[in-house]
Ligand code: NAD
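One chain comes next, on its own, written out as structure tokens in the form predicted on its own.
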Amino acid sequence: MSKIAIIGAGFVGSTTAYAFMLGGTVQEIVLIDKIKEKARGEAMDLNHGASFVRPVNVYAGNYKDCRDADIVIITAGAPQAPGQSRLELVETNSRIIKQIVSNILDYNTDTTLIIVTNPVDIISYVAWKTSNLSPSRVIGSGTVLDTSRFRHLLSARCGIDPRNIHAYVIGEHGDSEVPLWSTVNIAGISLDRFCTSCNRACSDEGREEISQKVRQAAYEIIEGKGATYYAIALALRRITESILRDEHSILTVSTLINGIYGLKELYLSLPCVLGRKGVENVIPFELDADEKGQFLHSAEIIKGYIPADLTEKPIELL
């Protein structure tokens, strides 16, 4: 029987639990939040729909309930406010994540952590350093959502089902992320070749417009409704399914980068093979010169925001 613990019962955490229920992903879901009544209320609301889905036990708990969780998903932290960049949350959310990870490891040192808290690449790095777990088992949600946004926009432009479009966003989950236009293909046909027979021509300006829409999507949603949670919940379900079912699916999660493109000890998103052991392989694409430059620029931005007290060695927990 598979069990998921979700730390943070806010919009993202509770919607993720709902997505798991609809998908029949797991048999047990525990919601943990510093506001215990919030977690209890969300669990009660979800349980009232139990007769409409596959059997699942949803309940509010505490860190002790992480003891036998296959995966712990961390969504807790200060949210991104309208007009605020994710990187502005580093200091506050680094402090929060250190405490959360320490609390989890008091009861479970054999789990996989999925980090959602923003800025996710830096917070995933902080979680890894704090936990001293294998980096394959400390995974950021990364650009899985951004990749889906990219495919959606390409679908609308090309008039093709997004499930038949292979396209990826790499780098930071944030303003410096890199949509990989050079690797886009539709049913195995390169985008450039597809465009020659398409009456919806995509100029360089059109491509840049799509890239900007991908990068600005969260800002637009937050301005309109205050937070993003539906699509990220579905992305988390997809990540979790690939791990629990040992699917070896390729998803652009945030993972430790060592030696790829000359980078060392940074969490960034690249296409990764996800299975029961977590990140089992990282796939370094052959980027064109412009994309490689953008990716390295993204890496420099992330490197500049890593808290200074984490650049030496992992914290040893007693």
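Computed from a predicted structure; not experimentally measured. In this text, residue numbers run from 1 along the sequence as written.
Separately, the form predicted in complex with nicotinamide-adenine-dinucleotide (NAD) exists; it is not shown, and the next lines address it.
S.K.: Pick from 158-166, 93-101, 187-195, 208-216: which stretch has a heavy atom within 4.5 Å of nicotinamide-adenine-dinucleotide (NAD) in the predicted bound form?
M.R.: It is 93-101 that comes within 4.5 Å of the partner.
S.K.: Check residue 12 for me: does it contact nicotinamide-adenine-dinucleotide (NAD) in the predicted bound form (non-hydrogen atoms, 4.5 angstroms)?
M.R.: Yes, residue 12 is a contact residue.
S.K.: Do residue 285 and nicotinamide-adenine-dinucleotide (NAD) come within 4.5 Å of each other in the predicted bound form, heavy atoms counted?
M.R.: Residue 285: no, not in contact with nicotinamide-adenine-dinucleotide (NAD) in the predicted bound form.
S.K.: Closest heavy atom of residue 7 to nicotinamide-adenine-dinucleotide (NAD) in the predicted bound form, within 4.5 Å or not?
M.R.: Contact check for residue 7: yes, within 4.5 Å of nicotinamide-adenine-dinucleotide (NAD) in the predicted bound form.
S.K.: Given that the partner is absent here, does residue 34 sit within 4.5 Å of nicotinamide-adenine-dinucleotide (NAD) in the predicted bound form, heavy atoms only?
M.R.: Yes, residue 34 is a contact residue.
S.K.: Could you spot which one of 108, 80, 176, 183 gets a heavy atom to within 4.5 Å of nicotinamide-adenine-dinucleotide (NAD) in the predicted bound form?
M.R.: The option sitting close enough to the partner is 80.
S.K.: Identify, from the list 89, 71, 154, 127, the residue with a heavy atom within 4.5 Å of nicotinamide-adenine-dinucleotide (NAD) in the predicted bound form.
M.R.: Answer to the contact question: 89.
S.K.: Given nicotinamide-adenine-dinucleotide (NAD) in the predicted bound form, answer whether the residues 136, 264 and 306 all have a heavy atom inside 4.5 Å of it.
M.R.: No, the whole trio is out of contact, none within 4.5 Å by any heavy atom.
S.K.: Relative to nicotinamide-adenine-dinucleotide (NAD) in the predicted bound form, which residues of 202-232 have a heavy atom no more than 4.5 Å away?
M.R.: In sequence order, 227, 228, 232 come within 4.5 Å of the partner.
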